[in-house]
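The chain below stands alone, shown as structure tokens; this is the form predicted alone.
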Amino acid sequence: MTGQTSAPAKVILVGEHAVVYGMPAIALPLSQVRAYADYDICDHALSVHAEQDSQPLFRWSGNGEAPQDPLAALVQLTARHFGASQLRGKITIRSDIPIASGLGSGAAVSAALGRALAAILKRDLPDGALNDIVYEVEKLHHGTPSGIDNTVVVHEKPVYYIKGKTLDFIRITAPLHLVVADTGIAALTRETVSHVRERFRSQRRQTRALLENIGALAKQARSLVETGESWQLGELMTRNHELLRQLGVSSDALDRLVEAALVAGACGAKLSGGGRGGNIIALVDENTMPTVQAALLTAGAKQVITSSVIEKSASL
């Protein structure tokens, strides 16, 4: 028996970093960009492979250790959830999501793998339970994650997220058009989260003010996301980028792409994710989308994705 499971990438529209400190943030799934897990139920101990790699990334031993490798941890936690003492089969992972770019690659791979394990065991794994498992693995990737990445990736819905609060999904009533541009610079979210934490300790008052202002923008943005008021939402996104720049998590490459998008006619633009590298997102309309895409490539973007958030499935 063979099959395939998957999970999407994500972007944070507004609120990154502040969300770690209890402020709201809004995240959207990038459904056209995904991680996949192809599974084959066969009669040997479970092995997990990367695409086109004959050597396994992980081989099931059935021990109860708490591994530090994210894939091994995901397998162990999922087996523990089901009370499974044996796992048999082969899973091959592949992903279209750039690594260390703020698009939730780690969470998407974990979610796809968790679903494949449930399929091998012929068990149901509700999104809520999978979300809890992936969040534990996110701690290995990011240290002190907010939980927003795993939440939007697992549920594949736009999320208005406050850490520790009840999930609040956003209903999109008008399309939102995005251009996502990759700087080509890898940046670990763990490192930028650590930078903000150190800044919070050493400059508590100023840092708290920046984080609270970012949270206030997310609150304002929610109704604009729901109604698709792109120009007002874009203005909030650009203000969000400036606050993130003051927080010390932007870079020359990110600032250059944001400026290029705005000059080309974007409604707004900002870094998305941990910062220092990775991606910017630009909010556009259907007419300016190709112009902004071309401008970002000219400004040095290594890859550009155009996407539209739509009602109901909110897929991109």
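Start at 1 and count along the sequence shown; that's the residue number. Remember, predicted model here, so these are calculated numbers, not experimental data.
What comes next is about the form predicted in complex with a small molecule, which is not displayed.
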Worksheet item: Could you tell me if P145 has a non-hydrogen atom within 4.5 Å of the small molecule in the predicted complex?
Response: yes
Worksheet item: Closest heavy atom of I12 to the small molecule in the predicted complex, within 4.5 Å or not?
Response: yes
Worksheet item: Closest heavy atom of G278 to the small molecule in the predicted complex, within 4.5 Å or not?
Response: no
Worksheet item: At the 4.5 Å heavy atom threshold, is G273 in contact with the small molecule in the predicted complex?
Response: yes
Item to complete: Just one of 186-194, 213-221, 226-234, 126-134 has residues with a heavy atom within 4.5 Å of the small molecule in the predicted complex, so point it out.
Response: 186-194
